[in-house]
Each structure stands twice: as C-alpha cells, then as structure tokens.
Ligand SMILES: Cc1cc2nc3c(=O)[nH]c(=O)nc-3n(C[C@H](O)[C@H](O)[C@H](O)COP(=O)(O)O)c2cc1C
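Below you'll find only one chain, the form predicted on its own, shown as structure tokens.
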Amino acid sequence: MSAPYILVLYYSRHGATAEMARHIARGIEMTGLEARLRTVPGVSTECEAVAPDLPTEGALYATLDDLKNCAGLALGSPTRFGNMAAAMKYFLDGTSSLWLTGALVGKPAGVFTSTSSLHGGQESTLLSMMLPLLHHGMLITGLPYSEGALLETQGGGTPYGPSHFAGADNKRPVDEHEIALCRALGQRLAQTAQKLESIRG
C-alpha cells in the first residue's frame, strides 16, 4: 500500500491558481504528508479535440485513480462567472464510478479559487466546487477565523477556502495573506486526514 497523500487538483489558465496550489502543497508537506499536484486538460469548442497525454508544462493530468486513492483533496479553479471553470466541471462530471462505489466518502476536502475582480464571484465559485464533493460524501474543511490572515487580508480569502485577487490584467501576485491562507488549508487538510486515519486505524 502506498503512503497517504493529499491530492491538490486544479485548473489554471494564467498561473495564479497553479501558484496557489503550490502554496497549499507546501502547507501539506509541512505536516509530513505527500502533496500530489495534478491538473486537468482544457476543454475545446471543437468536437473530439484531444489534449496530449502529458501537459507541456506544470503538473501531470489527474486520473480517477489519483482521486480514488487520495487521503484528502484540495480542489482549485479560476472563477468563471461565479462558477468553476468548464475544464474542472468536465473532470468532476466523469467521476460517477467513484460515486457509485463511495470511494471518496469520509475524506476531507477543501476548495480554492482566483479571480480577476475583487468581487467577481470568489465565494460562489468556492461554494459551487463544494457541491460535487458533498455528493461524494467528502468532509468540507473550510478555513476558520482563527486563521489571522482572514481578518487582515485586503485581497482574497474567505472562510469557504483560500482565494486570490489577480487583478484585471491577471498580474497581481499572490500576497502574504493569500499565501498564509493557502498554506493553512494545506495543513488543515493534512492534519484532518491524519486524525481520521488514526480513528479508522
């Protein structure tokens, strides 16, 4: 049996969500657990468009086995009109086999997002990403207000999960508070997974 890992599954168009994923992975690794970074291919308006087996850069594409065998999940997407990106929705729509077997029931999960406008649907995107995870029976962790950065942030950050305000040109860097919240989510997911495993063990 392989060592437990937290899957950090994301879609990123301009790089901000990918950067958030790396900070979440760092938080996971601070607890001693492995963070497995994975992405999903974009969707095309052309029928039968096929992505290469390996992305040209960044994380590998996720498989259903990556999801099935994880000890916990961090799910990230940029905001698209207050909702997750189509590429992430398409991937999640293909997880029925995991739902039928209850493969994800009882595993901790958290969500994160990046937006180009300060009030551009960060919270509704995070909530929309929680819905399929709840259908899978996952345990949503969120971020408590005991995380001081939630009270100090001038950019992104919500109790539903980390968020980032990228700016209209998508060039605003992830700031110190947003980084702190990403790492906090990673730690929270990993610690929760470890506690659940000790109960089951």
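These figures come from a predicted structure and were not determined experimentally. We number the residues from 1 along the sequence you see.
Below: the form predicted in complex with the ligand, not depicted.
Among Ala16, Leu189, Leu9, Leu181, which has at least one heavy atom within 4.5 Å of the ligand in the predicted bound form? For this set of options, the contacting one is Ala16.
Among 126-134, 86-94, 101-109, 72-80, mark the stretch whose residues have heavy atoms within 4.5 Å of the ligand in the predicted bound form. It is the stretch 72-80.
Please check if Asn170 has a heavy atom lying within 4.5 Å of any heavy atom of the ligand in the predicted bound form. Looking in the predicted bound form, residue contacts with the ligand include Asn170, since a heavy atom lies within 4.5 Å.
Please determine whether Ile28 contacts the ligand in the predicted bound form, using a 4.5 Å cut-off between heavy atoms. Taking the distances in the predicted bound form, the answer for Ile28 is no, it never comes within 4.5 Å of the ligand.
Sequence-ordered residues of 106-124 touching the ligand in the predicted bound form, heavy atom within 4.5 Å: Contacts from 106-124: Ser114, Thr115, Ser116, Ser117, Gly120.
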